[in-house]
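One chain is shown next in structure tokens, namely the form predicted on its own.
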Amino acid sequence: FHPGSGTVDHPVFVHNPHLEEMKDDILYHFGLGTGTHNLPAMFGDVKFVCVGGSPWRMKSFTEYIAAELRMEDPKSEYPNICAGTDRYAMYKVGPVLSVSHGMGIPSIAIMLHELIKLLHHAHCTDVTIVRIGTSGGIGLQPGTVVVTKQSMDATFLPKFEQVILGKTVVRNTDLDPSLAEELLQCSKKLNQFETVIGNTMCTLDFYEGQARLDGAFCSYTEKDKQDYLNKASEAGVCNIEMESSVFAAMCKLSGLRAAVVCVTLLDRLNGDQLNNSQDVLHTYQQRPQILVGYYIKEQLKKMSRS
């Protein structure tokens, strides 16, 4: 069952003729493989995948979702499925898979290649994938949750560029508009925190790439920074992070229904450093989990009724 689209099963696409010719496919950075693991048995029932930067946060999301779906036994331990590697962490509860992706485009791209192949080898269908994370806001109250409409590069264009065989390949970064709208409606029902739909700027760096004044190097003025962030705001950019562009591009290519849900930890127009207490930041970081957890619960209720 795919929300809003009847009962047609949507598989996960891999666009690679070479995979057919391989006897075994080793998902090296997960410590999994088609020859060593029964991927359909382990992952065939997955309908929702949540990804986020930190292994610790993805484990806490799994514990949270288990409690929300009432699937947990209080004594449950959720083992890290990728314990054979220290690159990424992966946890599963029922139809929900939770995977860490590290920081930045290269790290999440490697993870997504192997995740998309894993879902393909496991014959998963109708998978919805959400990146939950943190970001810097532009002109928003800290703690606001942004559901990404389009991911933009640092020149405010909605595209992801990658060099393949020495040539620049440009890919589209649109995300599923109906999924974004459903998440916004869920937030209205929850009524716990402000949520907006807006564009997200994806950068290659946390410091100079995001116009911060507090890195090891800085060759521009406070005014230059403010001018740049105001231009971003005029282009509809609500927040800045470091993974959404390649996430949007790869999910679109593989036919995955995808969303990016990030909380803003600060308003970058007012400063660069996170000076809130750890408790406040922790509360903010839980907001994308709460929203996506609520969405998953609602979808599972619909599925059980159909």
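One-based numbering along the sequence shown. Given the structure is predicted, the values throughout are model-derived calculations rather than measurements.
The same protein also has a form predicted together with a small molecule, omitted here; what follows describes it.
Chemist: Non-hydrogen atoms within 4.5 angstroms of the small molecule in the predicted bound form: do 28, 81 and 114 all have one?
Modeler: No: no residue has a heavy atom within 4.5 Å of the partner.
Chemist: Choose one stretch from 229 to 237, 82 to 90, 165 to 173, 210 to 218: the one whose residues place a heavy atom within 4.5 angstroms of the small molecule in the predicted bound form.
Modeler: Heavy atoms within 4.5 Å of the small molecule in the predicted bound form occur in 210 to 218.
Chemist: Can you work out whether residue 206 and the small molecule are in contact in the predicted bound form, taking contact to mean some heavy atom pair no more than 4.5 Å apart?
Modeler: Yes, residue 206 lies within 4.5 Å of the small molecule in the predicted bound form.
Chemist: Hey, in the predicted bound form, does residue 125 get a heavy atom within 4.5 angstroms of the small molecule?
Modeler: So residue 125 does not count as contacting the small molecule.
Chemist: Is residue 134 part of the interface with the small molecule in the predicted bound form - any heavy atom within 4.5 Å?
Modeler: Flag for residue 134 set to yes.
Chemist: Hey, in the predicted bound form, is residue 257 touching the small molecule, heavy atoms inside 4.5 Å?
Modeler: Contact check for residue 257: no, nothing within 4.5 Å of the small molecule in the predicted bound form.
Chemist: Would you kindly say which of 242, 249, 65, 50 lies with a heavy atom within 4.5 Å of the small molecule in the predicted bound form?
Modeler: Going through each option in turn, the one that passes is 242.
Chemist: Have a look at 46, 69, 42, 265 for me and say which one sits with a heavy atom within 4.5 Å of the small molecule in the predicted bound form.
Modeler: The option sitting close enough to the partner is 265.
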